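Given next, in structure tokens, is a single chain: the form predicted on its own.
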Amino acid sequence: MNAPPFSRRDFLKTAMLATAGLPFAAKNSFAAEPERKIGFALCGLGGLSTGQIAPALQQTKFCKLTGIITGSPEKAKRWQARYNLPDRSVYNYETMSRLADNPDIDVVYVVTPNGLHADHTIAAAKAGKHVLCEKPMEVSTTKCQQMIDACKAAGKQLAIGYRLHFEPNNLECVRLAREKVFGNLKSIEAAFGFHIGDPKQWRLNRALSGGGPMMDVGIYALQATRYLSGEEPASVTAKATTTDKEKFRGIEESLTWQMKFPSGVTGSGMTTYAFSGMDRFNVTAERGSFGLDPAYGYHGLRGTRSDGQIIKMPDIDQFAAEMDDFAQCILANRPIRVPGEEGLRDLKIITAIYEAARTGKPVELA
């Protein structure tokens, strides 16, 4: 699988800026003040929108909250009161076509369950809006492609919410890898998991989630191996385990996988809903190692290097960074760093991981 035409290059470029002392590289990629702010409508008002994305919008330089899309009238009223939104900026999932009549909304940020991403992305594109969609992009490669096609047909940009492509500590580790500070890479180990308690939440519904922890937090570990290596895996092996078959009906409880990259670098990953405490990656190279622990959270990321140096870059609002970057791409009409094609690549690899776990055999990737 070939590397994307610009996302790896731009990711490295941002890493260089971050490590040069810019606390917020993505926000500083354009010197001029914006002619106008890009209006965002949040589609899905669950915990992520409420606790992270809406507050982050208040910290952005190039964005503003101009609409909401929700199936809950009660939530709509609360959000209207909190963010001073007029009635004309409130939609439900059945009225998304009316977004076309609202010039204040430029982007729909899709934050609904995984299995609904395609429906809401396509509806937003048909209404003439750009789309920023949370990861994973969808539950199948077919739906990912449908999302890409819909946005291209509408002449609109589609970005995927890979916030760690803008996070300075992850960017610093990419710099260490690309500059071969410790020599050529040899192996990458990445893991992310947590204990899931509520047996009724949507993550345990395969129709909505598309799978277990691999389709939730495991994708962060997979992404880490890809952006640290700068390569796409040539083959994968995997094993899924489930101890609580009642709670985890139809999805994995835990999953481990191994990858071989064309250069010879090996990658290993683990994700789980069985226990908390895994939030890390570690890179081993010819003359040393480096990594982050914690690696994927919203704040407080840090790491170590085998030469004794500490990795602790400036703490930023990752959601504000990704939204400001997308807004600048729209304003400048330039390509985005994390396009729909990047989300599709992940789904292709995840599909191969699930196939390897099901068959017990290695799966080759094109």
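In case it trips you up, residue 1 is the first one in the sequence shown, and so on. This is a predicted model, so every value here is computed, not measured.
One more form of this protein exists, namely the form predicted in complex with nicotinamide-adenine-dinucleotide (NAD); it is left out here, but the text below deals with it.
Here the chain stands alone, but in the predicted bound form its contact with nicotinamide-adenine-dinucleotide (NAD), taken as any heavy atom within 4.5 Å, falls in 104 to 112 among 104 to 112, 226 to 234, 148 to 156, 80 to 88.
Proximity to nicotinamide-adenine-dinucleotide (NAD) in the predicted bound form, defined as a heavy atom within 4.5 Å, holds among G267, P136, P168, G212 only for P136. Among the residues L204, A285, M278, L116, the one placing a heavy atom within 4.5 Å of nicotinamide-adenine-dinucleotide (NAD) in the predicted bound form is L116.
For I68, no non-hydrogen atom is located within 4.5 Å of nicotinamide-adenine-dinucleotide (NAD) in the predicted bound form, even though that partner is not displayed. Mapping the unseen interface onto this chain, F62 falls outside it, with no heavy atom inside 4.5 Å of nicotinamide-adenine-dinucleotide (NAD) in the predicted bound form. Shown alone here, R163 lies within 4.5 Å of nicotinamide-adenine-dinucleotide (NAD) in the predicted bound form, counting heavy atoms only. Within this chain, K75 lines the site of nicotinamide-adenine-dinucleotide (NAD) in the predicted bound form, having a heavy atom no more than 4.5 Å away.
Contact residues in stretch 332 to 346 (any heavy atom within 4.5 Å of nicotinamide-adenine-dinucleotide (NAD), taken in the predicted bound form) are absent; none meets the cut-off.
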